[in-house]
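First, one chain by itself in structure tokens, the form predicted on its own.
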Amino acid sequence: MAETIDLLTAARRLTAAEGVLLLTHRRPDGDTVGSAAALCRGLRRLGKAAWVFPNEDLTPRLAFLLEDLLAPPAAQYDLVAAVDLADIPLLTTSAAQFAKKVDLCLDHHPSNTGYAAELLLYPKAAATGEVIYQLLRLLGVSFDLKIWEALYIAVATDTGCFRFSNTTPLSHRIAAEALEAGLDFHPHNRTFFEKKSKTRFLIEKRMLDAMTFSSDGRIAAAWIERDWLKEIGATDDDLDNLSTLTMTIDGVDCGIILTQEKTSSDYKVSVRTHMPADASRVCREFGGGGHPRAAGCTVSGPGKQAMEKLMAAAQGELARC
């Protein structure tokens, strides 16, 4: 079990290291990539040899953040740090070699399992980007525009562009400082929150046509098969944040989306809730976890049966509220 440490101790560990390798999670989002990019660039500004381990799931929409930061095979490091990575199964296949070698974990997930030697955990932070911001400030890093860009994307994506209930005053302060530094935020907001491919519109149509509601209308759920996704040429970027659509339906307090995995009959599950329902408690019944408003897990198919089991778990959670 990890030793829980504070910001100052984490800063000391990073200061003492000569080379740092940063790990991001499977199916990377803006927070894990943005946080890793900001920390990597900040450490380099302090003269460290810092790298981000290549993530085979990285999509084009986020790849620009890691330009010139990906570790080559011969990269030298003496500290391995996981960023926004709550549990060992969230390591990518290529990063599984580090399962028992993570020296430091920087995270905001309450469900973090404490797998690293040391853990800096801020469960009330809206994003790990908030943790990285405070860490870089403590390290005395002079922020450049690329660091601000990475932090903005980390915080903006995990707060739904500052709309979700997890948004904190610090979320807004980071955004304000980024804008004051000269960040052009509009292209990023359009990329992550407005612009959709035609394929994405097809997916949303299919999802809405197949939507199932609980008898009281408080739960909305749907599943999507991989064969159909292959047929229309869907990418991981096209599948991002589908579950948030369910929460725009009036009267829905819990949204559940199941997407079949690429190489198996299992389904990736995304659960979203409105207060006071806890999405992480729903997912915990299936070996997953996350945050009170947003959580995930993986379940075995067939899709319809899996969806029904999740809806039953969600119904139990809503009954407790």
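These figures come from a predicted structure and were not determined experimentally. All residue numbers are counted from 1 along the displayed sequence.
Although not depicted, the form predicted in complex with a further copy of the same chain is the subject of the following passage.
Trainee: Is it the case that T167, A176 and L179 all touch a further copy of the same chain in the model of the complex, with a non-hydrogen atom of each within 4.5 angstroms?
Mentor: Looking in the model of the complex, the three residues T167, A176 and L179 all sit within 4.5 Å of a further copy of the same chain (heavy atoms).
Trainee: Do W223 and a further copy of the same chain share at least one heavy atom pair within 4.5 Å in the model of the complex?
Mentor: So W223 does not count as contacting a further copy of the same chain.
Trainee: Does any heavy atom of M247 come within 4.5 Å of a heavy atom of a further copy of the same chain in the model of the complex?
Mentor: Because a heavy atom of M247 falls inside 4.5 Å of a further copy of the same chain in the model of the complex, the answer is yes.
Trainee: Is H274 close enough to touch a further copy of the same chain in the model of the complex, meaning at least one heavy atom pair within 4.5 Å?
Mentor: Although a further copy of the same chain is absent here, H274 would touch it in the model of the complex, with heavy atoms inside 4.5 Å.
Trainee: Though only this chain appears here, would N189 touch a further copy of the same chain in the model of the complex if you measure heavy atom gaps against 4.5 Å?
Mentor: N189 belongs to the contact set for a further copy of the same chain.
Trainee: Taking 4.5 angstroms as the heavy atom distance cut-off, pick the stretch from 93 to 101, 157 to 165, 232 to 240, 124 to 132 that is near a further copy of the same chain in the model of the complex.
Mentor: Stretch with heavy atoms near the partner: 157 to 165.
Trainee: Exactly one residue in G217, G140, G114, P89 has a non-hydrogen atom within 4.5 Å of a further copy of the same chain in the model of the complex; which is it?
Mentor: Result of the distance check: G217.
Trainee: Answer with one of L119, A71, V80, M211: the residue that has a non-hydrogen atom within 4.5 Å of a further copy of the same chain in the model of the complex.
Mentor: Selected option: M211.
Trainee: Select from 180 to 212 the residues with a non-hydrogen atom within 4.5 Å of a further copy of the same chain in the model of the complex and write them out in sequence order.
Mentor: Heavy-atom contacts within 4.5 Å come from E180, F185, H186, N189, R190, F193, E194, K195, K196, S197, K198, F201, K205, L208, D209, M211.
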